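First, one chain by itself in structure tokens, the form predicted on its own.
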């Protein structure tokens, strides 16, 4: 079997495919990229058994066939080669000979029949999306997804489609983001699905030059295609929490503060916080907000005061600095609106325009005496 492929196209495809391949696996075949060599080009495919990424590359084909090639070695050598075509020869026993103007390299491939089959999308519903809307939905939610493998339902983003609204929700138990985007009526699909954050991150990398796209949703999988790339993912079938019930409706203390001033203060003060708890406290009065921290173990303290506008009784409340920084960084307004109640009640950050509504919930932590 013989084929040649442009080095730059191959390298850029391998970089994308490498994002799917797991760093550790007991199944050696998924450390490979499947080369499906056809008359009109080559389909390159990688999978971690949950997500599958397929990229089609035009190339000069002399003989069709399929072979799985270890991605690390292939990516390493392409990064060290100059521009131009690479010639591949695959023997009957799966030895791969790569010819370049520098010389010749050989590696062993694996049989294509060992490689996992491409997911089947049966009886799929189609959700039409604008790439800008999908970008906003991903950027405003995926940061709050849980990384805890013991909580699979929280490792994805809930997508709900209701009449003229798209709703996306993410939570890790410490914070929650609900993003609502108005859309035109007429979608064929109404319902909900929980999509893995890894799938959404892969999509996000592809959206810069795309205008409109279609998300196909079946009982067990979702699929999205653009240009020569197709991404498949299993749906998270675990039940997503009832997020509406945990968003407080009675937070009666209102704080307005400049986002950049508060974020900068939190970044500086948190340097002196305990490295395990990352605890900082906010002391809020009518016109000032004091951010402070103390770490008795390392005898460090930090304290800053900034201006604010506050309606309510003075309040002292503690947060994990890392969570607070991420929440603040994702607020859209220069002056952010915050609703509070007690030192142990969830804090609400709000942003609302005619076409979008974002509510962010952040749980406080008890301040050490």
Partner chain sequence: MIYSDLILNERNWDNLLTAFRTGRLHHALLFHGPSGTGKSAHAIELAATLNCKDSTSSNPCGLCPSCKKVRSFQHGNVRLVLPFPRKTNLDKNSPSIKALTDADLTSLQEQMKTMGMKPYFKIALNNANTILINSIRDLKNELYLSPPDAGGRIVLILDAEYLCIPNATSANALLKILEEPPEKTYFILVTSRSDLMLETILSRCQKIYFPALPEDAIESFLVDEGESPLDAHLIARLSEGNMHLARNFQGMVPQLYENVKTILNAVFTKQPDLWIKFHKEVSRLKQSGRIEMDYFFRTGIFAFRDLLFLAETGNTENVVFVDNLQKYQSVLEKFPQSNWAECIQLMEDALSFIRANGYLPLVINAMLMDMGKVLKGDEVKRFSLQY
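In this text, all values refer to a predicted model and were calculated from it rather than measured experimentally. Positions refer to the first chain, counted from 1. Definition used throughout: the rigid core is the maximal C-alpha set that superposes within 1.5 Å between two forms.
We do not show the form predicted in complex with its partner chain, though everything after this point is about it.
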item: Contact of residue 28 with its partner chain in the predicted bound form (heavy atom, 4.5 Å); value: yes
item: Contact of residue 50 with its partner chain in the predicted bound form (heavy atom, 4.5 Å); value: yes
item: Partner contact for residue 147 in the predicted bound form: its partner chain, 4.5 angstroms, heavy atom; value: yes
item: Contact test in the predicted bound form: residue 236 vs its partner chain, heavy atoms, 4.5 Å; value: yes
item: 113, 152 and 196 each touching its partner chain in the predicted bound form (heavy atom, 4.5 Å); value: yes
item: Per-stretch contact check against its partner chain in the predicted bound form, the hit in 213-221, 83-91, 127-135, 173-181 (non-hydrogen atom, 4.5 angstroms); value: 213-221
item: Answer option from 108, 271, 299, 117, heavy atom within 4.5 Å of its partner chain in the predicted bound form; value: 117
item: Large Cα shift (2 Å or above) at residue 25 between the shown form and the other one, core-fitted; value: yes
item: Core-superposed comparison between the shown form and the other one, residue 116 Cα displacement 2 Å or beyond; value: yes
